[in-house]
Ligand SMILES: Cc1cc2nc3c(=O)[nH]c(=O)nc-3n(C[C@H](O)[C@H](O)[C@H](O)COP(=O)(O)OP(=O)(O)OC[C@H]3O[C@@H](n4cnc5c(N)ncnc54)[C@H](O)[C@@H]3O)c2cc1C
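Single chain ahead, by itself, as structure tokens, in the form predicted on its own.
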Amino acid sequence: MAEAGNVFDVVILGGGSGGYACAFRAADLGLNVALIEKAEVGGTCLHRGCIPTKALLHAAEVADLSRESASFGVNTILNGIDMPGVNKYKDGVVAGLYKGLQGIVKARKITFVAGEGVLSAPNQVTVNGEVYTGRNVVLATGSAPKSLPGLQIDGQRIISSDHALKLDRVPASVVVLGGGVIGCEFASVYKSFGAEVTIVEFLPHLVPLEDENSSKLLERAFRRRGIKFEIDNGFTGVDYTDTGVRVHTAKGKDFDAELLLVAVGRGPVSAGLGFEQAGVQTDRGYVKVNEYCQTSVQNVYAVGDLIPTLQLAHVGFAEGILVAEHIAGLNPRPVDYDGVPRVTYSNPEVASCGLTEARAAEKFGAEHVKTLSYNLAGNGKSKILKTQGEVKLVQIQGVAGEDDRVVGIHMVGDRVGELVAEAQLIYNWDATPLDVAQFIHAHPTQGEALGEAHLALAGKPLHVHD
């Protein structure tokens, strides 16, 4: 029997994005919450993912601007990359946000339990020998970097993204295994810092989950930057050499480098935590849930990277809030995962919301899909920033029961990640090109590119010509 003091309305196992968002919202709704975390509140995103990698990417942007400043009429000299200094800056950003999160936990009177918890019964989590009982239990144990069969990450020459965030030097050369979001972001950082970079990707394009046009634009930009990539080619093995590693591929090409960064995705952390024993159904390690993130066990929920949805911190936030409100009986609306904004923070950035052209054609029929691409060459602010790219719109037309709405927005270029907020409003509010065309966008801004693209798609082009 659990002691009376260890009984809560909600017990949350995992203090990452999904877990702490659920805790904060549940506490706001007057529920008594225990948040259990084996490391630090904030999880992967704050300590080993989103925040530190974006700090590195900003440092990389500063390096690029310093190197290229003469093109703006400003004479500077890039003397090199001080990795201890970069890491100090990165760690300072993380520490400030971590302190803020700790303050919120305390302010909302959430019981924080430090330790590695196990689901010891459908309504109980055991931590350090002590039992915490929840009228509702939320599983939020997150994910960890994956590898491939036979590929041993040693943390020295063959590293994961976790190791990459702690490097005290800039390697001379890197092979990045995996051309998804994580791989492209680190490839971008390393190239900006002065390393020779080669990406090896099994699928036919970089960032393969994005619209194919966005992938091709990123590939073109990477070629201009001197980032090499080998696509549609699988990894077969790696050997140690006197100076680093030699990576072998299915097409017989070998690549030598100082380091091999394994960026083939992240897998759920679920093994050995008692989930199956408590009756929670899983599939390939992921916890199976319904649209309200409920598992196969009554009053047990799961959120974040532990479930097979988009592995994004803001998705975890949304799922955590959804669960808290569902527990509180507020009847929340399930997450529309197509409506989630997605950003790859490389140089250039890739941002999107909604359906790719291929998915729209599959869902509505190719004959009902119309696209328009607006080149950033016509956007004044993009010219000022010396960035290249496009805004691509995917619209459906003539579908019974549907407005001729925009179902996909896909953007490539510096800083386009900041435009995705408007893009998600366009998609999630079922806007048509005419709906957006009536809004006036400030000049000169990159946001104008979204406005101009919709003007053109509505048949009212301004700075666009055939």
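What you see is a predicted model, and the numbers here were worked out from it, not measured in a lab. From 1 onward, residues are counted along the sequence shown.
One more form of this protein, predicted in complex with this ligand, exists but is not displayed; see below.
- You can rule out all but one of 404-412, 52-60, 417-425, 24-32: in the model of the complex, only 52-60 has residues with a heavy atom within 4.5 Å of this ligand.
- Looking at Gln446, you'd find every heavy atom of it more than 4.5 angstroms from this ligand in the model of the complex.
- Proximity of Val137 to this ligand in the model of the complex falls outside the 4.5 Å heavy atom cutoff.
- Mapping the unseen interface onto this chain, Tyr374 falls outside it, with no heavy atom inside 4.5 Å of this ligand in the model of the complex.
- Among heavy atoms of Gln388, none comes within 4.5 Å of this ligand in the model of the complex.
- Of the candidates Gly117, Gly179, Pro348, Gly320, Gly117 is the one whose heavy atoms come within 4.5 Å of this ligand in the model of the complex; the others do not.
- The partner is absent here, but in the model of the complex a heavy atom of Leu312, alone among Leu312, Val289, Ile153, Val369, sits within 4.5 Å of this ligand.
- Heavy atoms closer than or equal to 4.5 Å to this ligand in the model of the complex belong, across 132-154, to the residues Ala140, Thr141, Gly142, Ser143, ordered by sequence position.
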